[in-house]
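Taking the form predicted alone, here's one chain by itself in structure tokens.
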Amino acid sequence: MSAVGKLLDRRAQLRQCLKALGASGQLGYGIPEKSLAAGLAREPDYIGADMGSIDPGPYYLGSGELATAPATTRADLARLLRAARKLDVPLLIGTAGSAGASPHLEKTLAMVRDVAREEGLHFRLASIRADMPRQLVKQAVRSGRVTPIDAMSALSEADVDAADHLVGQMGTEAFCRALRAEADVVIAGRACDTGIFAAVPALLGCPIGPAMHMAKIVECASLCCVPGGRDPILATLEGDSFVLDSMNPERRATPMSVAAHSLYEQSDPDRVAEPEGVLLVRSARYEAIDERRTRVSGAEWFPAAAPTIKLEGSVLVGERAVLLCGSCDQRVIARISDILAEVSEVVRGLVCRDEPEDYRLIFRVYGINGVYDWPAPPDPLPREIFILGECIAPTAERASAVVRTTKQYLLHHGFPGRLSTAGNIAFPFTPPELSAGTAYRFNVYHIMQVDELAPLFPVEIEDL
């Protein structure tokens, strides 16, 4: 009997006590060994792990590369595969390979198959693709069924065509279909984090409000604890409530820390939108069981009148080169905005004599406005600043030429009050100009209304 079949046979019991192990907040960066062992010793009914996010930026979606080191990623996958097969419980992994497009999914599946072959593991594997049919998305654009998120502009058909990869976030429904096919291991492309952990409770008929709230929290492992961390966490769903228990004894899931986690990645802490509906947590209650564990109840689930999908797409914008330097000269620091503007003009005149201005040169001054563009400089000014110069150009050679010229003229730039003809800036190493590879930006970050979800996220089954 499959791992899912065994769960269904115990359905009545598991509706009262279902144990989910959140193994990793993002698989591929290593899993603390002692915490994982402690979690497995509690004999969870299923294991889940998120593997990706848009947090690392648009590069990974656009390039098809993993954000994590391949060796570490494979090791993490192997540990969870061994654990799930030893316990004979389902293993669910979402947003394969960092961004969840076809190249990321294929690389992850290749690792899974390789581990199974090397270690003699046998299981039914489900893979779920998340790449969106472009014609369907363009039809949705034409019919007004696509809306932008935050400050994004309205989506155009040209944006859809330009995206190097275009994915949609699947929800619980896709994971449930894979489980109904008796998959022991589910590897999904781009997915909502909640789908990973809410699918088994949904399949068993558990109350969906508490299950979805639990899923929203445990997908980040022990990040909801004090102090927060990435250790595995055990969530026990007990009917209309759930209990959180970090597998690291030094981390405490307190009512305040768990409630505060509702702010994580949410513009509205009371409302979590999913493809199939909306989770409202305003009515949730957080009660301490002891110093380390908290019970959560009261969240409400409202099914959507029509399903929606969050779309993500990334487009290539050029090649990037960077310049790294700093200064402790108070005269330079006081005039740094003027100096950088003046140097930019000098560089433009030099590198655009025979070529068009086909690049963007951007400066971030850490200590003044590196992280945030403050309306006014700090008072007093910092003792030191770090300057990051970034050039994006059509070719790596062009970007490198711009930052090399920038370095030389910034080093020797003359300004009122300068004491020396050289030494305006200092370099942490040589060469201070580095190629940073291909640059991408998100050009699709929108919500698309659809008639049904299942056709967009096909499930493929193979027996290993």
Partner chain sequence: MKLVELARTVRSKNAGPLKLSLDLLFDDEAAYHRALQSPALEPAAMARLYGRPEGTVEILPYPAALAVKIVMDRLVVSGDIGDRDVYGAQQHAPLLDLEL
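Nothing here was measured: the structure is a model prediction, and the numbers come from that model. Numbering follows the first chain given and starts at 1.
Although it is not shown, the form predicted in complex with its partner chain is what the next lines describe.
At the 4.5 Å threshold, heavy atoms of residue 278 stay clear of its partner chain in the predicted complex, well away from it. Interface residue remark: residue 302 is not counted as part of the site for its partner chain in the predicted complex, having no heavy atom within 4.5 Å. In the predicted complex, residue 376 stays away from its partner chain, with no heavy atom inside 4.5 Å.
Residue contact with its partner chain in the predicted complex: residue 369 places a heavy atom within 4.5 Å of it.
The chain is drawn here without its partner chain; in the predicted complex, the stretch among 163-171, 76-84, 279-287, 111-119 whose residues come within 4.5 Å of it by any heavy atom is 279-287. The partner is absent here; in the predicted complex, the one residue of 340, 333, 176, 260 having a heavy atom within 4.5 Å of its partner chain is 260. Residue-level contacts in the predicted complex: of 105, 392, 155, 387, one residue has a heavy atom within 4.5 Å of its partner chain, and it is 392.
The partner is not shown here, but in the predicted complex the stretch 257-272 reaches within 4.5 angstroms of its partner chain through a heavy atom at 259, 260, 262, 263, 264, 265, 266, 267, 269, 270.
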